[in-house]
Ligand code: G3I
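Just one chain follows, in the form predicted alone, and it is written as C-alpha cells.
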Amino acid sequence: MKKGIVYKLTIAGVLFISCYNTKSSRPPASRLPSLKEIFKNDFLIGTALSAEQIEEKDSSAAVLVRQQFNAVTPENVMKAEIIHPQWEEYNFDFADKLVDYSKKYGMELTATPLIWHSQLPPFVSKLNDADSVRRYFEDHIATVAGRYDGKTHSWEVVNEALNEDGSLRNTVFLQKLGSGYVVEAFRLAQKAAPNTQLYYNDYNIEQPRKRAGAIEIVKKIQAAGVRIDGVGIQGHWHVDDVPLNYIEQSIQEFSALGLQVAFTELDLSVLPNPWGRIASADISQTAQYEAQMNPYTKGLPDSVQQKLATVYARLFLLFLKYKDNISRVTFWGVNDGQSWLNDFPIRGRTNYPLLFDRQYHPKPAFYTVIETKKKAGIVIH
C-alpha cells in the first residue's frame, strides 16, 4: 500500500451515497445546491464551454452553467487552428463571445492555450525554417494575449510540453526554437498581457518523473526573471486509479515554488483503459473499438455510480485540505454527453466522467462532492 493519507468512508457516508442512486427522484434545477456557492470561500468551480454553450443555444446547459459555475474555459474556440487559421488572419468571433459571456455572468475566464503543439493551423506544419516558426510564435502570443489582457483572468501559456519522463516533447517549437521556447513564451505573454495570470498546463504532472520536468520548467522561468503564477494539473484520471498521494505531493511541491495550483480539466473515466493503469490525454493516440471496451451503453450500474461518487468525494476532500493553494477546479465539460472521453481514445464509446448526466441531471457524485463541504459524512483518517 502506498504511504500517505488514507481515505475512508464512514457508515453515514455510504448511506448518503446510496440515497442518491440512479433511480432516485431528481429535484428541479432551481432547487439544486450550487457548487459555486458551496465552495465560494475555497476555490473557483469551473467548466469548459463548447461554441454552442457560449451562444446559449442549449437552454438546459445555459441554466445549469449559470447556476453551478463561476469560472469558464473555452473547450476549443481559442485553440490556434480556430483563432489563427492563416498567417495574417485571426478569427476572434467566438473568443470575443466568450469574453462577453464571462463578463455578463460574472465568471472568471481562463483562456487556453497560447502555445500547444496540437491543433495548430495547417500553415504552421508547412514552415520549414526557424525564422518563420519564430514569427508565428511571437505574432500569435502578442496578438492573442494582447487582445484579451484585462479581459481574461488567466492564460494557460504553454500546454503539454512534456513527455511522460519529464523531458521536452519533440514538437515543432522544440525543433525550430530550441529548449528555451517555454521560457520565451512566458516572457512574451508577460509583455503582452501584464494584467493576466500566467500558467503552465499539462496532464500527468502529478506523476513523479513528469512532475520533476514541470518543476524544472518553472525554475527556469523564474531564474530568467519571468513571471509564472501557477501550474494547471489537468486531472484526466480513471476512477480505479486516481493517484491521491501523488496529487497531494504535487500540490505541496508546486506551492513551495510560490505558485497557485489549478485543476484545469477534471474528469474521471469509468471505461476500460487500453493502456493499462496510467491514463494518457495525448489526443494523437487512438485504440481500436471492441465491444468489451464499451461496457455501459445502456447506462452506468449503480455500483460504478457509487464508486465514481466516492472517488470524487475523496478528491474534493483533498482539494479542501489545500484550499489555500488551489485557485480553481474546472471540469472538462458540462455533462457526460459533451465529454471528449466518449471518443478518446476509442471513438463511439459511452463514458460517464462528470457530475451531470446526459440530461443535465446531477449524479450521485454531485451530491457527494457537495457533502464534502456541507456535512461530515465522509472524513479523512
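Throughout, we count residues from 1 along the sequence that is shown. What you see is a predicted model, and the numbers here were worked out from it, not measured in a lab.
As for the form predicted in complex with the named molecule, it is not shown, yet the points below apply to it.
> Applying a 4.5 Å heavy atom distance criterion, does Tyr322 contact the named molecule in the model of the complex?
Replying inline: Looking in the model of the complex, residue contacts with the named molecule do not include Tyr322, since no heavy atom lies within 4.5 Å.
>> Is it the case that Asn76, even though its partner is missing from this view, gets within 4.5 Å of the named molecule in the model of the complex, heavy atoms only?
In response: Because a heavy atom of Asn76 falls inside 4.5 Å of the named molecule in the model of the complex, the answer is yes.
> Closest heavy atom of Glu160 to the named molecule in the model of the complex, within 4.5 Å or not?
Replying inline: Yes - in the model of the complex, heavy atoms of Glu160 and the named molecule come within 4.5 Å of each other.
>> Just checking whether Phe39 would be counted as a contact of the named molecule in the model of the complex - the rule being heavy atoms within 4.5 angstroms.
In response: Contact check for Phe39: no, nothing within 4.5 Å of the named molecule in the model of the complex.
> Which one, Gln252, Gln86, Asn91, Gln119, lies within 4.5 Å of the named molecule in the model of the complex by heavy atoms?
Replying inline: Of the listed residues, the single hit is Gln119.
>> Exactly one residue in Phe43, Phe316, Phe356, Trp332 has a non-hydrogen atom within 4.5 Å of the named molecule in the model of the complex; which is it?
In response: Flagged contact: Trp332.
> Of 228-236, 165-173, 145-153, 186-194, which is the one stretch near the named molecule in the model of the complex, taking non-hydrogen atoms within 4.5 angstroms as near?
Replying inline: Only one stretch passes the 4.5 Å heavy-atom test: 228-236.
>> For a quick check, can you give me the residues of 253-273 that have a heavy atom within 4.5 Å of the named molecule in the model of the complex?
In response: Residue within 4.5 Å: Glu265, and no other.
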